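The chain below stands alone, shown as structure tokens; this is the form predicted alone.
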């Protein structure tokens, strides 16, 4: 009976992983298709579609735009999230529970609604659509995540260290930047890398808030309008690879550091 339950558990886990990773395997496999359509049968292996991707100026520009927007918007979201978390954790604010709820509320709202709301606001203010507006949109959708991660890690055990720093003559801004921020560095890095991952392949807000300079998901959508070919599989595989690189960096810089400290 025990062996049967173990076998069923292994089968269940295998089916889950198959369900998750089979589309990715198919995507990557047919990016090497030596044909004009990414469909079975596999006619041979070639790297010409990757060569076509990396020689496409528009795709490479969109790739650079995505990286730029993801890194900058995630950094801004982490800074604002840290400042908000520090204020709520260390000071008594009126209606703090309501204010915290308002900060995390965008996590419960569809990105389509957020994007349409931002588009309407930008039209009212007369701000031209660009990568800056895309970055603003990504800060809006990533700030609640950064705030929630950092605020959850601000425990009472850090208060004594901060109090000791003040007793030694440190000012409030020095305590926040030189004492609290280093203690929260694993949480800040985790929030940053997760935000980069979400921003990197976000489509709806990027599509609504961009015009001429677009991010990679918007450029891929433009390619898909003309039909499927292995080139779309190749650029999709590149996107997946870069996302995996971000996750590996988060593992190396955050979780290993957290494990050693514990």
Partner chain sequence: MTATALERAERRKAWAFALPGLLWTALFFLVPFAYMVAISFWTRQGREIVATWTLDNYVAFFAKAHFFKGLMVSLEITATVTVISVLLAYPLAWIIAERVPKKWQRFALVMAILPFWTSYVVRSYSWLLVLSKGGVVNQALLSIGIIAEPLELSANRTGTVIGFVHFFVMLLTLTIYANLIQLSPNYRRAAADLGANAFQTFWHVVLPLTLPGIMVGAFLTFVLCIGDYITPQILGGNNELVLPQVIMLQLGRRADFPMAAALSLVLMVVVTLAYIACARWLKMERT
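Superpose the two forms; the largest set of C-alphas matching within 1.5 Å is the rigid core. Residue numbers count along the first chain shown, from 1. None of these values were measured; they are calculated from a predicted model.
This next part talks about the form predicted in complex with its partner chain, which is not shown.
At the 4.5 Å threshold, heavy atoms of residue 210 stay clear of its partner chain in the predicted complex, well away from it. Proximity of residue 33 to its partner chain in the predicted complex falls outside the 4.5 Å heavy atom cutoff.
Mapping the unseen interface onto this chain, residue 168 falls outside it, with no heavy atom inside 4.5 Å of its partner chain in the predicted complex. Contact annotation: residue 247 falls within 4.5 Å of its partner chain in the predicted complex, judged by heavy atom distances. Taking 189, 154, 76, 129 one by one, only a single residue has any non-hydrogen atom within 4.5 Å of its partner chain in the predicted complex, and it is 76. Though its partner chain is absent from this view, in the predicted complex it lies within 4.5 Å of a heavy atom of just one residue from 52, 68, 61, 194, which is 194. In the predicted complex, 207, 208, 217, 220, 221, 224, 228, 229, 232, 233, 236, 239 are the residues of 205-239 with at least one heavy atom within 4.5 Å of its partner chain, listed from first to last.
Residue displacement note: residue 20 has its CA displaced by at least 2 Å between this form and the one not shown (rigid core superposed). Relative to the superposed core, residue 241 undergoes a C-alpha shift smaller than 2 Å between this form and the one not shown.
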